[in-house]
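Have a look below at one chain only, the form predicted alone, in structure tokens format.
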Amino acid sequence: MPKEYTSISRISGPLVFVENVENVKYGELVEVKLSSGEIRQGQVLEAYEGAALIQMFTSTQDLSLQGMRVKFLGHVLEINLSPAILGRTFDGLGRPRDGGPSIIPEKKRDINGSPINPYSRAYPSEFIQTGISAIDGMNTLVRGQKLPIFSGAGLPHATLAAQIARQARLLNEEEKFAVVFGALGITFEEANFFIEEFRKTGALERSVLFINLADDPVIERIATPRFVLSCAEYLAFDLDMHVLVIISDMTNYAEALREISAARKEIPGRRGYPGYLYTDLATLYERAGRIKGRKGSITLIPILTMPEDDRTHPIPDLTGYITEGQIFLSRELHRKGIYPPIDVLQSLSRLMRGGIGEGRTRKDHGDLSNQLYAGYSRGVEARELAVVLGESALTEEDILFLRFAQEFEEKFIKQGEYENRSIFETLDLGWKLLRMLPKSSLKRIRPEYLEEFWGRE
């Protein structure tokens, strides 16, 4: 039977200090009963001999030490799980947000979970089609991969996230596929955008949404990604589904972590973030992947906005160490009106080679991607040279590559928000662009592939 305590010593910001307690665990759920009879919830942030530090899920501004009673519930935050979660929208603590009934659980899980044991991991090797050429053709997403999107303030990462969630699928239609979407610290307007996008396109039927708003408690923002990943683990490893997890925006998560760290008076690390930021992010990201002997998988796309577009900032910097590549959004391309503004030269998918080629996409995919990179890179160099010396200083071949770079941006990278290109349409478009260049300059494509695909329309 949970014991109640009245030994509250002080309230500081979102934190409540309780003394003379027994057998309290880190992460344990707490009920705080006010003198009015109202009950609020919190979570143990720190437990030591005879005392506990509680982080409240709601504001503490109207709390008073008089008449408060604290009850430790003996369990941590849990999520109710059943197949009925598909098609539902929840708040950041897993409570229904769509007006539907509460989930009657087949299983209850501790949201903290565990990273996948490296020994048990299966190597990601199956292609996921997003319908976006700059990703599918140049920075391929592979089932079980962790591929973050690095964005900046004002760039259309929310639109891109919604498009990926709508369009992502496996080429094998027989496989069960689901999307779990987590939004952290967003406005009410943004929340409505995501919900309506999922609903009107029919994507909601195979999706689960967790929405944490900007005015929700900080501790909720810490819990939301864990609810998202616990839901994904159930769908993937209990129901054998292939799950794509999209979490936006991890910068808001890290800011919440910094706020709680400051409230606990911990020694700050880089730029005020706690020294355990790397470890904390790793405990989230490493829950994604494939497990040997299990049919299901979790593929993770965390989205984060780089403060001041600084890629050396601790959040993108540490994320880059943990994940398998990154997709950069370019402010320059965005200014040109190109959507999605993916900078393919800065982006990288480290597991791409394992997910493309014959039997997965098409045998020419790898060589074609290399040649498009090389041609676009040379065209960008020619553009920079023209800015300094003028276009008259360029050779005829430089001008050809400059035109190629412009066409590549306008026709390959640029596409509509609701334009869903198959991987074969993307590859054929790449060949069409390469025909702008002399056949003799295509050094990165094997002669037999060049022979087979060059003349094919």
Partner chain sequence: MKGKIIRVAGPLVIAKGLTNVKMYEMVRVGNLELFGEIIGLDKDTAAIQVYEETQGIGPGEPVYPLGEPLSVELGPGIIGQIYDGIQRPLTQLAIKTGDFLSRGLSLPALDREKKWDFEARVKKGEYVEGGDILGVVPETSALEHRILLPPNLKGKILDIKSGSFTVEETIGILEDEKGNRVELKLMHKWPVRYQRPVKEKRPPVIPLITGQRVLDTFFPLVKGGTACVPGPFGSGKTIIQHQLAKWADTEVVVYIGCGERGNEMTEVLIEFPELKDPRTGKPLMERTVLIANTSNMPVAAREASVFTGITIAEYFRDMGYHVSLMADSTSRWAEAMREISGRLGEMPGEEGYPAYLASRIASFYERAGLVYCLGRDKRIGSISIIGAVSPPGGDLSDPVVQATLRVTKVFWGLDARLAFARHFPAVDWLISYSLYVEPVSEYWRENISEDLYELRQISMAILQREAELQDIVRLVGMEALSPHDRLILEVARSIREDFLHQNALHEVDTYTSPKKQYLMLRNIINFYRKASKALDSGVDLEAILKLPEREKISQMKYIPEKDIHKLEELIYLIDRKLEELREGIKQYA
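Take the two forms, superpose them, and find the largest set of C-alpha atoms that agree within 1.5 Å; that set is the rigid core. Since this is a predicted model, take the numbers as computed values, not measurements. Numbering follows the first chain given and starts at 1.
One more form of this protein exists, namely the form predicted together with the partner chain; it is left out here, but the text below deals with it.
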**OP:** Decide if the three candidate residues I85, A153 and Q167 all line the partner chain in the model of the complex, where lining means a heavy atom within 4.5 Å.
**Re:** no
**OP:** Answer yes if any heavy atom of L345 is within 4.5 Å of a heavy atom of the partner chain in the model of the complex; otherwise answer no.
**Re:** yes
**OP:** Give a yes/no on whether R10 approaches the partner chain to within 4.5 Å in the model of the complex, heavy atoms considered.
**Re:** no
Original post:
Is there a heavy atom of K200 no more than 4.5 Å from a heavy atom of the partner chain in the model of the complex?
Top reply: no
Original post:
For N139, is any heavy atom within 4.5 Å of the partner chain in the model of the complex, or not?
Top reply: yes
Subject >> Partner-contacting position among A282, L213, L171, I338 - heavy atom within 4.5 Å of the partner chain in the model of the complex >> reply: A282
Original post:
Just one of D98, D317, E126, D91 has a heavy atom within 4.5 angstroms of the partner chain in the model of the complex, so which one?
Top reply: D317
Original post:
Among 59-67, 23-31, 420-428, 405-413, which stretch has residues with heavy atoms no more than 4.5 Å from the partner chain in the model of the complex?
Top reply: 23-31
Original post:
Which of the residues spanning 141-157 lie within 4.5 Å of the partner chain in the model of the complex, based on heavy atoms?
Top reply: G144, K146, F150
**OP:** Align on the rigid core first; then say whether the Cα of P307 has moved by at least 2 Å between the shown form and the other one.
**Re:** no
Original post:
Rigid core fitted, then: does R331 show a CA shift of 2 angstroms or greater between the shown form and the other one?
Top reply: no
Subject >> CA of E381, rigid core aligned, shift of 2 Å or more between the shown form and the other one >> reply: yes
